[in-house]
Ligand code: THG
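This document starts with one chain, in the form predicted on its own, laid out as structure tokens.
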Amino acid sequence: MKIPASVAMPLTVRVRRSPFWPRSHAAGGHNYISYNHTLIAADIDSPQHDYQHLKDAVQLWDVGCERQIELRGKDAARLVQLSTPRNVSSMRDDQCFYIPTVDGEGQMTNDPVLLRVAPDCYWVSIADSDQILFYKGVAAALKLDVAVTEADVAPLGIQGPRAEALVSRLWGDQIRELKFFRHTRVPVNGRQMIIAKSGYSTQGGYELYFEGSDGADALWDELMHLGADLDIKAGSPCQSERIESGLLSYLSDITPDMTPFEAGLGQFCYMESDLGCLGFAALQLKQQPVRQIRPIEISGESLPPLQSFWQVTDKEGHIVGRISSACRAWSYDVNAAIGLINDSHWNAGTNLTVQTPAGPREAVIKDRFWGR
């Protein structure tokens, strides 16, 4: 659902705003979508300007739509493991884990980031879905000793190559020692809140897990002031940057009819023994996919926006896959795409045709994503 830029308020209270929404909107946020029943700006400036600025400087992202499912109680770790084939037993207290979550058939239900915030408490930072219902249902069916709630947490993204310089000005040089996908706590409004070295870009940065709503405007303003000489501006997750970097989007690139192996996430699946994942038996039979995510370069000038899957065909015209995301990767002067391709045609260098709204375009399978 898209909200016109002229609309200053959600149409109903069912479409929520994060505590950072007023500042993000005032900074120029527009082309809103509803994600986890929460507004998020698809653009702040023009897509190409946002893309280049993200690579050059630092941006604040209102990503409060990344809702946190809180699992708290004696059986919290067991409930997490029931949902994912990744082994979470070795997770350290300061780690973030990217986990594919699956149903009993081994099909993807989400691809969240998992944080362990206390010995018996986890936050599951979800992509757009009703994953909380899965956890509630499994917990109820198995009578687990765990409370499943939505935490009052709205992440704030601090992204770009100058993000480290910015956060160190507010929280000290020790923040520079934080490793990728690790988290620590920093003082915010007199409280200790989690900050992780993570984010939905490959330009470097952090995500602050802001709790509650009080003080959000003041924090935003302080970061903007501290980053003035770093060319800070408001931003939002950048489609072109994430596509060229191979950052997948659940319900776009990853769909509920796919397994983690088809999504290229096999490295996150522990298949040596059953740790308790509900989909383990099904996944054992699906470890050799016949289709898989691939980077694809599409020839020609910039393409129109992708609003539905584009068919991928071979030289005989047979359908051999689909394009789920495409963009102009301006840094590389190519049309970059993410596709789900059959095993008969997924090798790097294979020439294909993509059926786009602008007509058929020649395409080729690449050996890696451009931004990696």
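As the structure is a prediction and not an experimental result, all values here were calculated from the model. All residue numbers are counted from 1 along the displayed sequence.
The same protein also has a form predicted together with the named molecule, omitted here; what follows describes it.
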When the named molecule is placed as it is in the predicted bound form, which of 134-142, 244-252, 222-230, 72-80 ends up with heavy atoms within 4.5 Å of it?
244-252
With the named molecule left out of view, which of 102, 166, 146, 127 would have a heavy atom within 4.5 Å of it in the predicted bound form?
127
Looking at 270, 209, 261, 171, which has any heavy atom no more than 4.5 Å from the named molecule in the predicted bound form?
209
Heavy atom to heavy atom, is residue 51 within 4.5 Å of the named molecule in the predicted bound form?
no
Would you please decide whether residue 289 lies within 4.5 angstroms of the named molecule in the predicted bound form, comparing each non-hydrogen atom pair?
no
Taking any heavy atom pair closer than or equal to 4.5 Å as contact, tell me whether residue 280 reaches the named molecule in the predicted bound form.
no
Report yes if any heavy atom of residue 199 sits within 4.5 Å of a heavy atom of the named molecule in the predicted bound form; otherwise report no.
yes
Enumerate the residues of 90-110 that have a non-hydrogen atom within 4.5 Å of the named molecule in the predicted bound form, in sequence order, or give none.
98
